[in-house]
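To begin, one chain is listed below as structure tokens, in the form predicted alone.
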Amino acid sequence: MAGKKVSLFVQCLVDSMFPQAAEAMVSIFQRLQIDFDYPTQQTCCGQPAFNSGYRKDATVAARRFIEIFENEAVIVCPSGSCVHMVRHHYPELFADDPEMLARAKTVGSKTFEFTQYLVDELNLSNIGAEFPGKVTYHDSCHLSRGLQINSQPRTLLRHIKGLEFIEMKDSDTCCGFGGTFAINYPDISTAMVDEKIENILASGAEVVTGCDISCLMNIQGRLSRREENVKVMHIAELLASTAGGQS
């Protein structure tokens, strides 16, 4: 896709704990011959501070994000929750600052979640992936409810050669993570993720995937503690897979 270029916004958890998701995203852009860059000065988008009520600190992070990315043509992130933060909460933070509000809205308008960008902006459904196995999908809350991204990941999954896609019951029910929610209310969070695990197991899938590594981390942790034999993969990892293994 000559002429296309994206700037990668890599979520903190991906950067620090699950770099394979970002590496998979990079390999896909390389396969599609889309140029990309990665501003190395990028830091957290400010979502943890915002969700915890520290709006002053969140504003500092938001201002830095805008300064780093505002001159980029397209910004792509493998995380629905972070894209939701940029699009919907940055305008809140700068509601009383007309200049920054305009800059925040401009940045938000060109910031996309990874699957949304592939399907809605590039009009792609089949990117040449191949993955043998039964896969089910978890709809993360910010992605499905906040950004209304539901069909795009499914479109991509259904076009992966060899993949059998299985819808799980209540796929859009929260997994119980919710950032600090899981820390502040561990018993409730555990009950919620256990319900999610039961739905995953009932689907008969060998792999559970999604677009937010935070949810997948929570699900993976509980699967591991319960010693369940289901693999967890970010959707970018599945899309990067080819007949000879991950590209």
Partner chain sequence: MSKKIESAYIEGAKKAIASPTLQKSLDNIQDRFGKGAMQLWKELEDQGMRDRVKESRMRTLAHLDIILMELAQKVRKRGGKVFFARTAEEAVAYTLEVAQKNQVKSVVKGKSMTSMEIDIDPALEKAGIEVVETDLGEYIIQLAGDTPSHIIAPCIHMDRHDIGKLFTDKLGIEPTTDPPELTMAARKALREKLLSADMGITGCNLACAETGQIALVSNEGNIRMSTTMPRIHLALMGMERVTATTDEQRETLQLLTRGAALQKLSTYVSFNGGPKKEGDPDGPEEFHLVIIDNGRSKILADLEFRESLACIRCGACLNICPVYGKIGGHAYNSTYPGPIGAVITPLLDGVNKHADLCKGETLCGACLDVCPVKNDLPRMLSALRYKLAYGDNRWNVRQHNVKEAYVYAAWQKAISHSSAYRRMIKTARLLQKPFIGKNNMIKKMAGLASGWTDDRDLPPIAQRTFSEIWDEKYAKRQQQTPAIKEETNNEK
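Residue numbers count along the first chain shown, from 1. The model shown is predicted, which means the values in this text are computed figures rather than measured ones.
What follows is about the form predicted together with the partner chain, which we do not show.
Judged against the partner chain in the model of the complex with a 4.5 angstroms heavy atom cut-off, the residues S125, P153 and T242 are out of contact without exception.
Of the heavy atoms in G204, none are within 4.5 Å of the partner chain in the model of the complex. The partner chain is not shown here, and in the model of the complex it never comes within 4.5 Å of any heavy atom of E99. Looking at G210, you'd find every heavy atom of it more than 4.5 angstroms from the partner chain in the model of the complex. Looking at F112, you'd find every heavy atom of it more than 4.5 angstroms from the partner chain in the model of the complex. Contacts between stretch 32-50 and the partner chain, counted in the model of the complex as any heavy atom lying within 4.5 Å, involve D35, F36, D37, Y38, T40, Q41, Q42, T43, C44, G46, P48, A49, F50, listed in sequence order.
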